[in-house]
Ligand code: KG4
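Next up: just one chain, as structure tokens, the form predicted on its own.
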């Protein structure tokens, strides 16, 4: 069994550090939310990068302290290489390279999306491949067939907005704070999800997604109701809008399961914290694995989990490692 892995995740606005034991058990998982972007209604990339400069080192120190390990105890250092906000990623990559170089530790570069898949491998009873994985977050929405621990086959992805982005922008239209997903879900609990028939994009190819239409439909519904009526029916609008997004996710997931012949499903990403989505997926009848909420949103424990199954960078790669804002691991 290998020793503990220190992992760093800084792809967006959460400064994250974690220590994972060689057996896959989380020893610490620190998520330091910047808490500054709500005033802008969304994440401002430059501000996020500057906040990481302030918050990431304390997060690493807290992760090591909580895990009761020191840098001398570590087996490897892992870091999110991409995709994400390039400035934010660079802060994490630079920090990981510095620690690895100073301590003579192997460095592992991890794709953020592979991390979300690998969240399902955490713990003493990991959810083993093969399975279909739905990843839905503020920046990404995709379906993957997972056959092993180190990679996945892309089955479909969003052609425009991500599901989490649709939640956030819908929440903003309804006058809710950022991040919008939790606030919209709370408001929707008091509404009737059959009050409005928002569209679910079914004319997209294969298992791909599209959320631009439902977002525009909400905008028009609010406009047509008028300010006073829209305010009175905010809960109904939220419930119907949430249902349309979840319907799209579940329909494509069901299609992927049927096409694959598999009856095993896992989910990840911040939208996986949505209560309606979790209940709908659980009700599919497939063998289902849903990580705890702290492992669905951006976190470093999932990056450490992915690193367990990936090769270390060569010494030259470790020195020249760079971040990438989109695409896949280079």
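Positions refer to the first chain, counted from 1. Everything numeric here is computed off the predicted structure, so don't read it as measured data.
Omitted here: the form predicted together with this ligand. The next part is about that form.
Novice: Look at the stretches 264-272, 46-54, 64-72, 279-287 and give the one with heavy atoms within 4.5 Å of this ligand in the model of the complex.
Specialist: Residues of 264-272 come within 4.5 Å of the partner.
Novice: Taking heavy atoms only, is residue 161 within 4.5 angstroms of this ligand in the model of the complex?
Specialist: The answer is no: residue 161 has no heavy atom within 4.5 Å of this ligand.
Novice: Quick check on residue 167: any heavy atom within 4.5 Å of this ligand in the model of the complex?
Specialist: Taking the distances in the model of the complex, the answer for residue 167 is yes, it comes within 4.5 Å of this ligand.
Novice: Looking in the model of the complex, any heavy atom of residue 28 within 4.5 Å of this ligand?
Specialist: Looking in the model of the complex, residue contacts with this ligand do not include residue 28, since no heavy atom lies within 4.5 Å.
Novice: Does residue 82 reach this ligand in the model of the complex, with heavy atoms at most 4.5 Å apart?
Specialist: Although this ligand is absent here, residue 82 would stay clear of it in the model of the complex, with no heavy atoms inside 4.5 Å.
Novice: So this ligand isn't shown here. In the model of the complex, which residue out of 208, 151, 185, 217 has a non-hydrogen atom within 4.5 Å of it?
Specialist: Only one option qualifies, and that one is 185.
Novice: Given this ligand in the model of the complex, answer whether the residues 137, 180 and 298 all have a heavy atom inside 4.5 Å of it.
Specialist: Yes, the whole trio is in contact, each within 4.5 Å by some heavy atom.
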